[in-house]
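In the block that follows, a single chain appears as structure tokens, in the form predicted on its own.
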């Protein structure tokens, strides 16, 4: 890995492409320089304690750099059918093709869903202001890599005072090799929207680096669902950070099922008085899958509220590591913050780790955290088996009950599909 790092440092950043805005090229070149300056994350850091960062370095950086952002020339688009029950869909394939469709309702209300390269050309006042403002090149080495070399990427902008009753579904599919993608979410004041952000599909051994920046203005109401269901030949490193304003309600759900190694760094800054963040997650691992989640709620404004519940079940030789952090600033008074992580071990070879962290700088707060780790109770299994149910079916009944509350937080269009995916995985 040392040779590879030296090679990337010796590699000059690519020339600007035709019609690439000067400000964007400068931003990306500076991010490339920052990437090369920064060492790999130290395993002493809590964020990388359980996962080796070396496995997320791209093998052929020069090839990745050649895959420049898709230019807004129309050739990046394909026809995309809008599924029933959706106000929009944005599909990004492994070869940087985009399938995008919006409902007439969303279009009439001024919703924008386009490739990030198109957005930089067509809506520079929006992209230049927000791109890198929440996750910049100083955030971390791989975040700098993403800002420098994102190839695809999407912009979703929901204007102020816009209400969409049906979700917008975004799906990114990696290819073999390295895929680098970025999502910029900008939600205006008093808007309401449900967003599904899915990472699924893909062929061959691959590595996906993804970044999501969410900027949510005052009094908006956002439901955000993250789905991680890549094949077990794929690795995913995702950094997702939101900044939410006054009286915003952000309801987030996360479903982690697939991938060989899934590393997620998810956080929200509650930057406006009265902001609320609710996060529900579920994870089911088996085989040799490795999951590493970090969540953070940073209360930088007074009278803010956060609540988190993460349920994990691990079988086979699967590993789940979870770190949950709550930060409350010195001048952020009368905040409330809660987090709970419940873990089920389905085999004696599975492993779970859970570390709650609190950093509270004032006394006018209410906070709590809890962690439980246990196995399926023999009494529950015996009770069901005594009524003619097989042991495997008894385990499935107990586990679906364990996850049911989390499933109910998902958008209606995802609940049955996700429930079936859980059941299918329990068959393995």
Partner chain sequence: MAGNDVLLSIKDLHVTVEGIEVVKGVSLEMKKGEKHAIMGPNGSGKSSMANALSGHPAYEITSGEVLLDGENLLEMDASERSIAGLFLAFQYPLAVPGVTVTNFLRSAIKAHRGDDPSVLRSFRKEMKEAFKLLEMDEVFASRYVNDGFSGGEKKRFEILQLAMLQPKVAILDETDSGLDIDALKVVSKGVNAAHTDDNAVLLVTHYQRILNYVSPDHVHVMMNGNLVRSGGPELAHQLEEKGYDWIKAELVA
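Numbering follows the first chain given and starts at 1. Nothing here was measured: the structure is a model prediction, and the numbers come from that model.
Unshown form predicted in complex with its partner chain; subsequent notes refer to it.
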Review point. Which one, 388, 39, 374, 370, lies within 4.5 Å of its partner chain in the model of the complex by heavy atoms?
Key: 388
Point to revise | Contact residue in the model of the complex, from 362, 55, 30, 380 (heavy atom within 4.5 Å of its partner chain) | key: 380
Exercise for review: Kindly indicate whether 124, 128 and 134 are, all three, within 4.5 angstroms of its partner chain in the model of the complex, using heavy atoms.
Suggested key: no
**Study point:** Per-stretch contact check against its partner chain in the model of the complex, the hit in 399 to 407, 43 to 51, 362 to 370, 30 to 38 (non-hydrogen atom, 4.5 angstroms)
**Key:** 399 to 407
